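There is one chain below, alone, in structure tokens, taken in the form predicted alone.
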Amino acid sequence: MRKEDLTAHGKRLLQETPVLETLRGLDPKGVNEVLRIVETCAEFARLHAEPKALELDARMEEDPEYFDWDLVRTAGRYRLFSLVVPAVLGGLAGKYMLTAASLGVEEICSACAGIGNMIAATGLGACPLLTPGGMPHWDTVLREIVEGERKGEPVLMAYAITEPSAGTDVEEPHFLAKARIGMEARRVKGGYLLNGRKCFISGGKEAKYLTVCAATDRNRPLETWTVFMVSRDMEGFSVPRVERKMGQRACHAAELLFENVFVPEEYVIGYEGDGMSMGILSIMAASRGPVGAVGTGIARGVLRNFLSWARQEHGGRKPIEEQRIQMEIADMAASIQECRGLVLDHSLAGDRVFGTLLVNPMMKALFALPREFRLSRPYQAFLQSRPGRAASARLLRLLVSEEDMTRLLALASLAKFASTDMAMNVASRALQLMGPGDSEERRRVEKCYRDVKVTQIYEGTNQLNRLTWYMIEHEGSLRVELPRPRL
């Protein structure tokens, strides 16, 4: 694809992100794929998310239980739920998976962060399955996501870690060691019984599959934190309620109840007790950067609507003609550009870790085997066995270093807190300048203000993310430890 063949949006993206334009000169095929994905997200945002944003927000304020399945099916036609599914399975995730996902999420969230979160929740729920411990489910659950899109029946996922008595506590080792854990997974013959509650789970009400973190010993949560995959049709699982939300209403935040939910052994992701390293820190190392992209997207939406408002007459004058407004606009644009740089720093560093893993010759060789063989009982039994899990752990340690993962977590936390705080400041400043008058532009900016607040809270509060960055970069007290083979 030559530059002259790019859409106007693709050309603008390259102009605004010189690092991508430079990278395109070195790897045109890879970056062109990123541009195609981002342009797809931008089209969905323009044609479907932005026109419905205010209407859906108002409807779900009155009826928090409502969920727009028609919009979900539309997103499926754009293949937005396949953004993190590896290309070897028919998904869109390849060499630059994090860069494409982050820039794509930014586009959707510039139109509506609630709709963006509704889509991204499935990607987050699928993330634990992308670790080597989740490989037994690649040809089943991840493939089902791809096939669901093709059939017009999207398969949604969710990620459940927060508990009523433990929120930020469960996202950092020093805090988890002292956390008050309510949920417990008790080992029984053939698997585990899950009992307890999770809360504020994005997309939890509609998800067909959930990746759930729980302690097998509540008195030793750090040592026994484990990741499970739960299907919503398992006996004893229920969703007692969804929250009445201030912002991002298009995506439910649900309370989940587990009452003697039996989870078979093969639904344990990786090893028992590795939940903090592989189920939390490694996932946060991948996902906090895209939360920063949510922030930059919201800020872009604020700036776009503020510009539209400023170009109109108010009291006989157009605010855009005042130099003070022009300088405010320049400050907003500079803040967005700075934080997008942090997000891209994280994404490109992450693609060196995760993207390289997906296109590694050994990984390709595994998936060159016939799917019938990969789904066969002997092959699946091997993946689920201790030798199979040990082989997956060895593969991970061969291809990824703990230093890279730890550094990636620091970059992710930095991009997350800086970008979401920036978006909060941009939205607040725009509302102050616009004043109390009513207009569609002001209503959209006011919605952005409500939407952005939760980005400072989920995936670890911004206070925790600051501490994470400091503990890695200056104190050296936090490190991502990859699972060691256990035979």
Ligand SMILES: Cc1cc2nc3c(=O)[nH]c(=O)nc-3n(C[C@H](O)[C@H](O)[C@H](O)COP(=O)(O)OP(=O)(O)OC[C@H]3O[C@@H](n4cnc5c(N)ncnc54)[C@H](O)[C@@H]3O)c2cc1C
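Note that residue numbering begins at 1 and tracks the sequence as displayed. This structure is a prediction, so every number in the text was calculated from the model and none was measured.
Beyond what is shown, the protein has a form predicted in complex with this ligand; the following relates to that form.
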4.5 Å heavy atom contact, Y159 to this ligand in the predicted complex: yes
Partner proximity in the predicted complex: Y379 to this ligand, non-hydrogen atom cutoff 4.5 Å: no
Classify I201 as contacting or not contacting this ligand in the predicted complex by the rule of any non-hydrogen atom within 4.5 angstroms, answering yes or no. yes
With heavy atoms only and a cut-off of 4.5 Å, decide whether F175 touches this ligand in the predicted complex. yes
This ligand isn't shown here, but in the predicted complex, which of 63-71, 455-463, 47-55, 418-426 has heavy atoms within 4.5 Å of it? 455-463
Which pick from E206, D274, E328, E171 sits with a heavy atom within 4.5 Å of this ligand in the predicted complex? E171
In the predicted complex, which of the listed residues (M183, V400, A253, L129) lies with a heavy atom within 4.5 Å of this ligand? A253
